[in-house]
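In structure tokens, the next block holds one chain alone, the form predicted on its own.
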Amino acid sequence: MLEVAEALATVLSHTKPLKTEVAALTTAALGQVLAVDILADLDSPPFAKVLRDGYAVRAADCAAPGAPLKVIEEVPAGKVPTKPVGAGDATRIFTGAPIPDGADAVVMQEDTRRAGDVVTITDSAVKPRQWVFAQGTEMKAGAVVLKAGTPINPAAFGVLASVGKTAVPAFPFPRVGVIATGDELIEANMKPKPGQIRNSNGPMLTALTVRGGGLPRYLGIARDDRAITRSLVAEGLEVSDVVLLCGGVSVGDYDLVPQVLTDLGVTTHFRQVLVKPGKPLLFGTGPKGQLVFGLPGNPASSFVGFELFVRPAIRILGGHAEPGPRTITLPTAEGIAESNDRPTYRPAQLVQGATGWTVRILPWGGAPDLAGLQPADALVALPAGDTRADPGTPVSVVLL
């Protein structure tokens, strides 16, 4: 039985980024990871531009406050000045317009008085370059503006547009097939008969996949029948980079998944992890390098297994440099008194207080308690054995 760190290392040793694709820069690419450096094709801004509505002047002409200047031209954004600013001149200028030749500063309109074609500067401290955004301040032509490995977030969309990119090489979102198992399961739109329960793992894992950066494909419920299970797993291996099965991976008479995987050419690398919840957790690789996870049937166990092992694999497949899980240390909001036979990941909430962030362990009924897990935005990692901690004690926290 592997410890969590050893199991994660095994998963990541079999995980490599997917082959890149050319991604059109629509919102469908939000969250994909750039596969190449992106260079600026032009300086930005491409000219020295004005940052405030006002008057373009020579700073030297404004050394004595109250000096009148002749307004020679008006230049809105989108237009180009046609007259240079000479001694005693000023150009009426608007935010975003190029600063005229000869001018080296902009005086805000609030610091002026205008009468006809004469403007009086009331600012007594005009300095060269004030309210002027110099050419190339944001980026220089040929410079790297986004490095390979950068996730395409909303700001990156703007940067890419500013350098003329409408499509870029990027890592695709990993395709994730989701299969629930068990004769007791029915879909959410059905009314359970005696002995049946609605399938919560399928929708939960589908949503976790999206949040983790994958493209889910729900393949349905595999009944406790070898042929049906084999058919769904074979489909998953055909259409997915990652196959997630929940349930059927333990050692009971109806736990058919391990043998079906072997029959389909999946190599199993481990079947148990020293963790609570979620000890019966299988990881294998398919004949084409597909990643296969057999998660426990209890929903909280499946959730924790996904966060600790599946999400990091999806991130690496998708081109992220850091797999996670993201772990920080925070003080506890309340005391802890627990005894656990294995390292345990308890649902928790981050709490912001006057002195900073703390973490509070949530009331929870164990591996079957999905409703108790729902408010969690973190997991507190507790060691095996007795844990006795006062409020304010630092603990390890996995961020969700």
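Residue numbers run from 1 along the displayed sequence. Just so it is clear, the structure is predicted and the values come from calculations on it, not from any experiment.
Not on display, but discussed next: the form predicted together with ligand AMP.
Mapping the unseen interface onto this chain, Gly214 falls outside it, with no heavy atom inside 4.5 Å of ligand AMP in the model of the complex. In the model of the complex, ligand AMP stays beyond 4.5 Å of every heavy atom belonging to Lys165. The closest heavy atom approach of Asn298 to ligand AMP in the model of the complex falls within 4.5 Å. Heavy atoms of Ile197 reach within 4.5 Å of ligand AMP in the model of the complex, making it an interface residue. With respect to ligand AMP in the model of the complex, the three residues Asp225, Thr229 and Leu261 uniformly fall beyond 4.5 angstroms at the level of their nearest heavy atom. The candidate stretches are 311 to 319, 241 to 249, 73 to 81, 126 to 134, and the one lying within 4.5 Å of ligand AMP in the model of the complex by heavy atoms is 241 to 249. This chain lacks the partner; the member of Asp255, Asp104, Asp89, Asp111 within 4.5 angstroms of ligand AMP in the model of the complex by a non-hydrogen atom is Asp255. This chain lacks the partner; the member of Ile99, Leu185, Val85, Val292 within 4.5 angstroms of ligand AMP in the model of the complex by a non-hydrogen atom is Leu185.
Contact annotation for 11 to 37: no residue has a non-hydrogen atom within 4.5 angstroms of ligand AMP in the model of the complex.
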